[in-house]
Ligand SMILES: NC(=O)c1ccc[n+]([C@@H]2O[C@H](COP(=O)([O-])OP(=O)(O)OC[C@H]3O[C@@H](n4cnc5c(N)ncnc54)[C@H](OP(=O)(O)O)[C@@H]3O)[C@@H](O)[C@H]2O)c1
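Below, in structure tokens: the form predicted on its own, a single chain.
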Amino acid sequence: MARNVVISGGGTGIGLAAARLFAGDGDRVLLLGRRAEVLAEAGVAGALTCAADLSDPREVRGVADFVAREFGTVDVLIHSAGGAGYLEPPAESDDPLDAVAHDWTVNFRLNTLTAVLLTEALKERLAEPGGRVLFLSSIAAFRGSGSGAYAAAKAALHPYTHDLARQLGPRAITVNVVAPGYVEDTGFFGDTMDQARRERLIEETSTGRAGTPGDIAATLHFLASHAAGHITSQVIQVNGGAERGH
């Protein structure tokens, strides 16, 4: 039976790879993102799209209304929207503390608030039994991200996941996190990735390669399956062993 799948950040990278996988199963997919033109160009057959800033409660309410009209029930909710702020406007002030406040606020808004607001808005629409909620975290949540802001924002999803899993468990709904390492073919790094850094990140893996959006999408697909019905409140790392190091 076809399921209703809602994917934030569904127009690019991991979200798009997941959308194509679920759509290939015949599921009904809704792609969410801030840029309507990117969603329109995603090319996922039969997918619905809805452009919204998921850090804005008013716009999230609009998404919830759209889901109510088009889907009614949500079987799978995937939070792929996020980023480290590389594509966001810089701080307007040169003051160091203003820059820190800007960086931390942007990262919290992009990675934590978007996921929490959308979940809370759609929580009562999750299918029971069998609903699935899946968050995208990062290897950075375990070992830092340099500035700390991105890592902290992603790490904040972990306790939220555990609380939500306890809350939704009686409704036979599972809640899990997938934490990727370095994944190529996404817009995450913008123009900040140089060859030396890429090689260093690959060398940290035990598998000797970068991750792909398909690697992460396949993990999300499994966790959304009937076979994963007794897996909840878990953080699944998909990083080729990089978090353990050598």
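All figures in this text were calculated on a predicted structure; none of them were measured in a lab. From 1 onward, residues are counted along the sequence shown.
One more form of this protein should be noted, the form predicted in complex with the named molecule, which is absent from this view; the next part is about it.
In terms of contact with the named molecule in the predicted bound form, the residue from L110, V74, L164, V133 that brings a heavy atom within 4.5 Å is L110.
Here the chain stands alone, but in the predicted bound form its contact with the named molecule, taken as any heavy atom within 4.5 Å, falls in 178 to 186 among 23 to 31, 178 to 186, 66 to 74, 41 to 49. Contact annotation: L54 falls within 4.5 Å of the named molecule in the predicted bound form, judged by heavy atom distances. Within this chain, R197 is remote from the site of the named molecule in the predicted bound form, having no heavy atom within 4.5 Å. Remark: R35 counts among the residues lining the named molecule in the predicted bound form, judged by a heavy atom distance of 4.5 Å or less. Proximity of T12 to the named molecule in the predicted bound form: non-hydrogen atoms within 4.5 Å are present. Shown here without the named molecule, the chain has L136, S137, S138, Y150 in 134 to 150 lying with a heavy atom within 4.5 Å of that partner in the predicted bound form.
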